[in-house]
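Consider the single chain below, provided in C-alpha cells and representing the form predicted alone.
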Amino acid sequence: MAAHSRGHPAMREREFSPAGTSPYWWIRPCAGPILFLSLLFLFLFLFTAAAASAAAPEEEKFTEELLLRPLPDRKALAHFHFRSSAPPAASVGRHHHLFPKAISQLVKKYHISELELSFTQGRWNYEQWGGFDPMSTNNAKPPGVELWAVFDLPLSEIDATWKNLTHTLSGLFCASINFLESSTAFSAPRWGFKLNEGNLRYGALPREAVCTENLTPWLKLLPCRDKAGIASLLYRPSIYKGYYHSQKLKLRSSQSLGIILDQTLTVVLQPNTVSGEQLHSNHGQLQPNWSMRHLFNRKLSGKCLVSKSSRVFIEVDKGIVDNVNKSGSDLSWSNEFFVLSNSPDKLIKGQNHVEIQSSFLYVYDASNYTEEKPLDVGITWKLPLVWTCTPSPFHASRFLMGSGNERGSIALSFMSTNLHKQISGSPTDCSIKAVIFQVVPWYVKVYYHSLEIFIDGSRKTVSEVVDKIHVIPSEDKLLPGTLEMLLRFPCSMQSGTLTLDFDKGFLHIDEYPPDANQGFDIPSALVSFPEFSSARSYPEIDPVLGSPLLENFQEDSVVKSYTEVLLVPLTTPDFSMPYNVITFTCTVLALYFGSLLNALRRRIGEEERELKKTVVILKKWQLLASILYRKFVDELF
C-alpha cells in the first residue's frame, strides 16, 4: 500500500510540497499570525477588485429618447425610442435588473437571432412625411401586425419553433398573433425581404386592430413603465387620436453582444392650436405652433432614474434648412422663421449618404429638468414656410383590376420622383434597381406566367426589366404564394406598371371569418431600392454622447416602402340560409311526427265511450240547473 502511494503522481507531488497540503505553503506560520492574516486579506481584496473591474463593463443598460419633427402638412411627428441591453448570458445568469426577463427567456427558449414585431394603425404618407430618411425606412410599417424572426436552429426545427413563438407573443402582447401559426399564414423569403440562409420566417395580419391592450404590455417591458421619464408622455387619448400610430419591438441576440432590445413608438399628431393665431397678414398661413403639452397633454418632469441617458431631439428637416439658408439666417434656436421655447443644450448637424446637409437636431437633456421645472419644449413659427420631404426614387402603389367573383388582376404602379437627377445628375444610360416582395394568400391563385410590364405606356418583355425572380407557388390550404423580384428600371422612366392575373378560390364554410362580406385582405407588398441608402452621418457628434437613436440613423439601411393593403371580395355563401333550413326542417318534422304519434296512439272505441259519458254528465247538469232555476222562480213569486 505504501509502495502504491509513493508511485502515484499526486502523492509524489504532495510529498515534495514544502508545506504539506496548504495552498499558502509559501507563507510560513512562523512569521507570525498577523503577517499571515494581513497577506491573506490583501490577496482577497486584490481578487475582489479585479473581479469587480472585469465585471464593470458587463452591466445592463437602459436609454430613453424622444424625437419631435414638424411635418409639411401641418402635422407633427413624435418618435419614442427605448433601448434595453443585457450582457451575454454566461456572465449575467438568469437574473436581470433592468432588462425584461420575459424577453430574455423568449430568446433563450426559441434561439432567436433577430426578431421584429410591429403593431400599426393607419398608413405612412410617403409623399408628405418622407420616404428617403431613416424614419420612413425603419419605422414606417404596414397596417396591422407584422412579425419576422431569424432563428439559430436547424432548418427542420424552424417551423415548429415559429408556431410556438407566435403563441408566446400572442399571450405576451394580448393580440391575435397566434393566427400566424398556420402554414397558410407565414412564408420563408430568401432575399426579397432580408438576405438569409433559409432561417427567416415572415407573417402579417393586415386586419389586426391596435389598442391600449397592446400598448400596456409593451410599456411593462420598460423599467419605469409609463410612471417616469419620457414614457410618462404617453397619454392614451393623445396617442390614439393621431393619423398614424406604430409601436415596434426589435431585438438582436448574439453570444458576443448579448441581447439588445429596441422599443419604438411612432405617432403622427395634429397639434391643438387656435386657428386665429396661425394667420399671417402678408404671406398667407403659418405652420401650427405646438409643444409637448399640446401634443401629449403633459410635460416632461425628468428622466427615468435607472436610465443611462434621457434626451429629447427636435429635428428640422432638409427643406426647412434650405429655406433658412437661402434667407441668409442662421439655424439657431431662435431665427427669422421659427423660435424654440427652450434653449437647447446642443446643436447637431446631419448629412445624408451623399454628404449633403440634410437636417438639424436640437438636443435637450431630460436629466436637467424636474417636477418643479418641467420641460415643455415646442416650436413657434414667425413666418410662413413651405417645404417638402425627400421622397424615395419611385412612389409605389398597388390596386386591383377586374370585376366579379371569379378572377381579377393585381397591378403595381411606380411613379418617378426624379430623385436620381438631384443626386447624380441626369444620365441617359443609368438604371435603378427595385426589389419587390409580396405574399399572397392561397385562395388568391396568382398566375405568375401572366406577368406584364409597361413602362411609360409601352409594353416590355419580362427579360428586359426583370433581372432575378423567385416564386413559391401557393398550395390550397397549405402554403401562401411568395413572389420576390429584382427589377431594373431606366432612369428616364416616369411611370411603370406590373400586372398579374389571378383566380379567386373557394373556401369551406368553416374557413370564413365572422365579417366575410367585408372581403379578404392581401398583405402589403414591400418595395426596396438596394442602390439607395437612407443612412445619415453626424460629423460633429461627440462619441461620448452614445445615442442609440442616432446610431440607428447612421446604420446603412436600404430605402424601402410598403404599398397599400388590398381588399379582395370572394364568393361568400348566405350564412343565414343554414338557419332558415334548420328552422323550416324542424317545423316540418315537428308537424309530421306530432300528427303521426297522435294517430298511432289514439283509441277510437274508448274515445266514443268517453264522449258518451261526457254527454250524459252534461245533460244531467243541465237538468239539475233547470230544476233549481224553476224552484227559485216559484219561491220568488
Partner chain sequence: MAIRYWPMAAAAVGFRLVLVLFGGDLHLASRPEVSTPLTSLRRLAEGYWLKQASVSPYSGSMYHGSPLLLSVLGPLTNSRPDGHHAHIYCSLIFVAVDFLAAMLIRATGHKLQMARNRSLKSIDLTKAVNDTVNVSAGDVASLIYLWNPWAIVTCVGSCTSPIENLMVVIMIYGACSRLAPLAAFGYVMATHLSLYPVILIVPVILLLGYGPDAPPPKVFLIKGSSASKSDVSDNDKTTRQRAVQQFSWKPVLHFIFWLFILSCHVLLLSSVILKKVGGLHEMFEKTYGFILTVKDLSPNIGVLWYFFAEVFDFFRNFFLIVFNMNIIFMVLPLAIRLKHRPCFLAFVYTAIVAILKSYPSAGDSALYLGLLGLFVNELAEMQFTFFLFFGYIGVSLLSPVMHNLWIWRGTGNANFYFATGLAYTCLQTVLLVESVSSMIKHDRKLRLLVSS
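These figures come from a predicted structure and were not determined experimentally. Positions refer to the first chain, counted from 1.
Same protein, other form: the form predicted together with its partner chain, not shown, and the subject of what follows.
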*its partner chain in the predicted bound form reached by all of Leu115, Leu153 and Arg236, non-hydrogen atom within 4.5 Å*: no
*Choose from 503 to 511, 412 to 420, 71 to 79, 153 to 161 the stretch whose residues reach within 4.5 Å of its partner chain in the predicted bound form, heavy atoms counted.*
503 to 511
*Even though its partner chain is not shown here, does Arg190 get within 4.5 Å of it in the predicted bound form, heavy atoms only?*
no
*asked:* So in the predicted bound form, is its partner chain close enough to His395 to count as touching (4.5 Å, heavy atoms)?
replied: no
*Indicate whether its partner chain has at least one heavy atom within 4.5 Å of a heavy atom of Gly457 in the predicted bound form.*
no
_Heavy atom of Ser301 within 4.5 Å of its partner chain in the predicted bound form_ = no
*asked:* Using a 4.5 Å heavy atom cut-off, which residue among Asp376, Glu452, Glu531, Asp365 comes into contact with its partner chain in the predicted bound form?
replied: Glu452
_Quick check on this chain: which one of Glu475, Glu464, Glu336, Glu551 has a heavy atom within 4.5 Å of its partner chain in the predicted bound form?_
Glu475
*Going by its partner chain in the predicted bound form, which residues of 567 to 583 come within 4.5 Å of it through any heavy atom?*
Thr571, Thr572, Pro573, Asp574, Met577, Pro578, Tyr579, Val581, Ile582
